[in-house]
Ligand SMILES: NC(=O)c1ccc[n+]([C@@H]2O[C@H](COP(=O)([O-])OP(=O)(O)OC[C@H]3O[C@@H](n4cnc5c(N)ncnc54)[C@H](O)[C@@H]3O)[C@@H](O)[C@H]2O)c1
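Let's start with one chain on its own, the form predicted alone, as structure tokens.
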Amino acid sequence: MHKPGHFDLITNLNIAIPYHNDEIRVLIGNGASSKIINYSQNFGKKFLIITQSKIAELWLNHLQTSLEKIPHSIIKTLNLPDGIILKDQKNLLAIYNCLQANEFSKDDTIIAFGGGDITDLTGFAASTYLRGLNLINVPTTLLGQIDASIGGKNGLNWQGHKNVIGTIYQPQLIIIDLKYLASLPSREFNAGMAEIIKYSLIEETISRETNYQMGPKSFYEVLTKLSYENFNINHPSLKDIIINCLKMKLNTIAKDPYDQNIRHCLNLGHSFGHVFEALFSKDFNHGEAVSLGIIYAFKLSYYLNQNNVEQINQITGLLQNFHLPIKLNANLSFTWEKFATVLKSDKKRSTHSLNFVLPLSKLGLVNYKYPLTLSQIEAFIKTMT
């Protein structure tokens, strides 16, 4: 097991969300879970931790110890099955049954403790049981810490389609405890890097349209340099990299809490990525599928004369440096009919078209509402096969 270092200070990132009466509070640092007692006045005395067996075996005692410091706290735990089929009706009902059996009230709190699927499912349960319980997200993966746990999007899969049932419900507290990354396999760390790279490719658009401020060097330049430094969980820059992603996403959510405009840019690479994830679930995890989706988005942009070959080469090299896939293996193939079936379930579709996030001629800028018909997408896909 790794031992991440250089993360002794706990950083607070708070941002107000329009149309809500409070703010999203984020704690980040090594051991951030221990600070939960500082916020206990915002929560009831009962806590239900939703997690999975592997996470529970490694880290549940650590989180429970922090919660037990809250006077008169009552802590319950629900371990859901490990595996890819998590965000379904059966597991949602298991959460409802546990809440009811333990007489949870609206003042009590659910804690999502795990990866992105856990935060998605738990957030949905919290938003719907008694029309809304307190919610704390404690993500344990890099992808969860920089993306899935932030922003209030919750969802269930339905009949093989990803996140087609969902709510937007903000957690009152998000704890980014870097300690939990110690058990993360290298493949999962790399998967999180795909989302981090995505942020670097939309940074200037976010800076222009929100209160997020770019640094003296672009995030893309920073990541390019790190890609040659064996960047991993022990790297001293990891906390700063995560914080930068959080600032981008939090400012985007503050500007567009209900996912109507600028927040769409966060979907760069995801329309294609979700298709690859669905078609080749045994071969690609979410981050790996997003990596492929980013390549396809850049090539689609080039196909539509929105960017250039040099950009494609730059992005391909960066993804490769972080050990992410940039093309389908020869043994993986699909028909347009199968591809289109998944694509048509995309939540960004309208009656006659789908809105794509397309990179523009400058890295960091995107058009996040580029409408394309299925026939246009089909013509592009056929150039790729």
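This one's a predicted model, so the numbers in the text were calculated from it and none came from an experiment. Residue numbers run from 1 along the displayed sequence.
Unshown form predicted in complex with this ligand; subsequent notes refer to it.
- Of the listed positions (Pro216, Pro71, Pro185, Pro236), a single one reaches within 4.5 angstroms of this ligand by any non-hydrogen atom in the predicted complex, namely Pro185.
- Note on contacts: among Lys87, Lys76, Lys247, Lys299, the single residue with a heavy atom within 4.5 Å of this ligand in the predicted complex is Lys87.
- Not displayed here, this ligand is approached by Lys162 to within 4.5 Å at the level of heavy atoms in the predicted complex.
- The closest non-hydrogen atom of Phe272 lies beyond 4.5 Å of this ligand in the predicted complex.
- Not displayed here, this ligand is approached by Gln52 to within 4.5 Å at the level of heavy atoms in the predicted complex.
- Although the partner is absent from this view, Leu332 stays clear of this ligand in the predicted complex, with no non-hydrogen atom inside 4.5 angstroms.
- For the marked spot (Leu58, Asp147 and Ile150), a heavy atom within 4.5 Å of this ligand in the predicted complex is present in each of the three residues.
- Per the 4.5 Å heavy atom criterion, this ligand in the predicted complex is contacted by stretch 177-185, the sole one of 208-216, 95-103, 177-185, 238-246.
- The partner is not shown here, but in the predicted complex the stretch 129-145 reaches within 4.5 angstroms of this ligand through a heavy atom at Thr140, Thr141, Leu143, Gly144.
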